[in-house]
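The data below hold one chain only, encoded as structure tokens and taken in the form predicted on its own.
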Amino acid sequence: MADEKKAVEKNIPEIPKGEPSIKTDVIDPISLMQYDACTRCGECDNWCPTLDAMKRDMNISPRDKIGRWRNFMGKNYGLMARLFGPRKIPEEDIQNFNDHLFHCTTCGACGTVCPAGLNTIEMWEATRQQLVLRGNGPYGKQSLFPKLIGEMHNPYMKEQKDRLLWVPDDVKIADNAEIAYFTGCTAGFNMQVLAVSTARVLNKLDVPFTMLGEDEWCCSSALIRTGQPHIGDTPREAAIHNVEALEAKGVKKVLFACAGCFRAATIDWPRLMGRKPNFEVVHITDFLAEQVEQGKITWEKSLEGKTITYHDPCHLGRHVGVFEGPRKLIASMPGGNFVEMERNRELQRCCGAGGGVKAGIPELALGVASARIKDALDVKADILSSACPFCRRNLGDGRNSVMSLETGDFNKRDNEGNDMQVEDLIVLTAELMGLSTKIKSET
């Protein structure tokens, strides 16, 4: 009887099963389950800034992208795929999905409003990496990031020896101190008014601080956001290098004025290293809010009755949870009228620069920024402030586009003659403390 059974089994033809078109090597099980957990309610579509900027092209819809990826998974890993083998997914469909997935700033608004509690930031970033591994992503100039950041340790093709060229003669930097200022590539090279303002404010407050100088490497946030952390293992190497260099200095607190660097140091570096740094990570707006509460800031100038509003950077607000420090700082500034835009805090509208969109899809970045500028115009703001160099630049571009202004020099203070100034809080703080915000080339 057993021999007959074996004979029957031997004659059953095997169904050929090919390789799946899509793999899930770097997408964690929780993210895969969250793709299945989507209820298709569409609440995310009501808040997505890129969907609005793309004139409601539903290919950009978070709900649509979740549905399409879930469909890919069903064809390659569902019951029928287990029984009869994966169904071939047309390459054109995969590439189209990839391109639509990268039309996203990874701002996280979709996850914030999701009734099912999906962590869409983790889902998008892991899926982007999977597609980069497959050869579909990234998008546009985002492909330059690994070479630039991996080899030059900054995305601007600048020399490491020039990391401190921005420091004016009047700024004092300690060799050793309990506090370090992590400048970031953008403030150190391309938007030096932020670095100069930060340093002068700390000096004015008699806060000794040290810096890494040419030992500072790019935080590598751009690589992680665009699905390229595995290329050269650059983000992990940068995390280890920066953290160990700061720990070697014996610092107890590291200040960041860049929301992207702050997000990387708070979330990405510990994850990449497998441990937390032996120092506290603090954004400059929270630090200054503490200084205000302790009565250590003396304001020497006034906002002169101007209406000021505040834009929450995604990496500072939704991603990490810093909302009140910047508002406490603004509230303490004399002579201003602070108003909130309709979309603020967890529900704010992204500036449009994040997720590699500014580099890869600049027209989309400008469209999202223009919508945010209109939010500020709706509350009749004279000053649109933020706390992130990328928000400052992209909102400035949006302002210029909406108001038909010429592009300014973002390395310097925003033009006070503009109908609406777009300026970082650290620059406003320096000016109201009576400090010069002129960069080294102007002094």
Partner chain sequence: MSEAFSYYSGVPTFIEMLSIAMVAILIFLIGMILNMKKWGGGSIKAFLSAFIKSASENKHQSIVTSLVLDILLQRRLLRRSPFRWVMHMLIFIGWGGMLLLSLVFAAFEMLSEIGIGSFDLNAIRNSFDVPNEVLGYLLLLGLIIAIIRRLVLSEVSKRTQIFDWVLVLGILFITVTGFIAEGYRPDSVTAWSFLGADAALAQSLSLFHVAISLLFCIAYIPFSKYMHMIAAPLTIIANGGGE
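What you are looking at is a predicted structure, and each value in this text was computed from that prediction instead of being measured. Numbering follows the first chain given and starts at 1.
A second form of this protein, the form predicted in complex with the partner chain, is not displayed here; the remarks below concern that form.
A single residue from the set L165, A174, A248, A116 has any heavy atom within 4.5 angstroms of the partner chain in the model of the complex; that residue is A116. With respect to the partner chain in the model of the complex, the three residues P29, T39 and L79 uniformly fall within 4.5 angstroms at the level of their nearest heavy atom. Here the chain stands alone, but in the model of the complex its contact with the partner chain, taken as any heavy atom within 4.5 Å, falls in 108 to 116 among 108 to 116, 329 to 337, 181 to 189, 214 to 222. Using a 4.5 angstroms threshold between heavy atoms, W47 counts as touching the partner chain in the model of the complex.
The partner chain in the model of the complex is not approached by D375, whose heavy atoms all lie more than 4.5 angstroms from it. In the model of the complex, the partner chain lies farther than 4.5 Å from every heavy atom of I231. With a 4.5 Å cutoff on heavy atoms, S61 counts as touching the partner chain in the model of the complex.
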